[in-house]
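A single chain comes next, written as structure tokens; it is the form predicted alone.
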């Protein structure tokens, strides 16, 4: 092998895995939004393996005050879930969701993809355009695929921003009824779209949804 070949190999060789971890750590730390593996691949030197580097980096952060977490199909550095209470003073609530918005968001999260008519059927009342617009503006829901039914109604699904805000890797990680009530986020009334049955049965109904989009 000639000296020029050796020089070319050294110039285009992927950096060591530890160095790739440092690069990814810097990107995630500086990014306000979660970053996908494809985006990391495009930014890292040729031949890098961001997927493997992410696995190692996530391991290094286990048990620390901040963690490397997966959000949908992207990655981010976030405060450890059990230390969230320390950030409460720094959290500014710019807008409080109405009960209608909360119920609509919950229905979409647990029953997605669903149409406006399906949301109204579950809630038992009409869904105002303002409620949907507010959730779209917050970027917690987005338009999904249209139903292949008469009228081709549009569906709604939750966004990666919703998952990130609530610390979820995917919609399948949504808490059940018992967890919601234990956290004080749900009173003892049945959740919209569920029958007035025991907790265990209600949780089973929610957990068995096959409608989640990856």
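Numbering follows the first chain given and starts at 1. Rigid core: the largest C-alpha set superposing within 1.5 Å between the two forms. If you're wondering where the values come from, they're calculated on a predicted model, not measured in any experiment.
Omitted from view is the form predicted together with a further copy of the same chain, to which the following refers.
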Is residue 55 close to a further copy of the same chain in the predicted bound form, meaning a heavy atom pair under 4.5 Å apart or at it?
no
Check residue 27 for me: does it contact a further copy of the same chain in the predicted bound form (non-hydrogen atoms, 4.5 angstroms)?
yes
Can residue 60 be called a contact residue for a further copy of the same chain in the predicted bound form at 4.5 Å between heavy atoms?
yes
Test of understanding: in the predicted bound form, would residue 133 fall inside 4.5 Å of a further copy of the same chain by heavy atoms?
yes
In sequence order, the residues of 64-82 that place a heavy atom within 4.5 Å of a further copy of the same chain in the predicted bound form are 64, 65, 66, 77, 78, 79, 80, 82
Superposing on the rigid core, I want to see if residue 81 changes position between the shown form and the other one - specifically a Cα shift of 2 Å or more.
yes
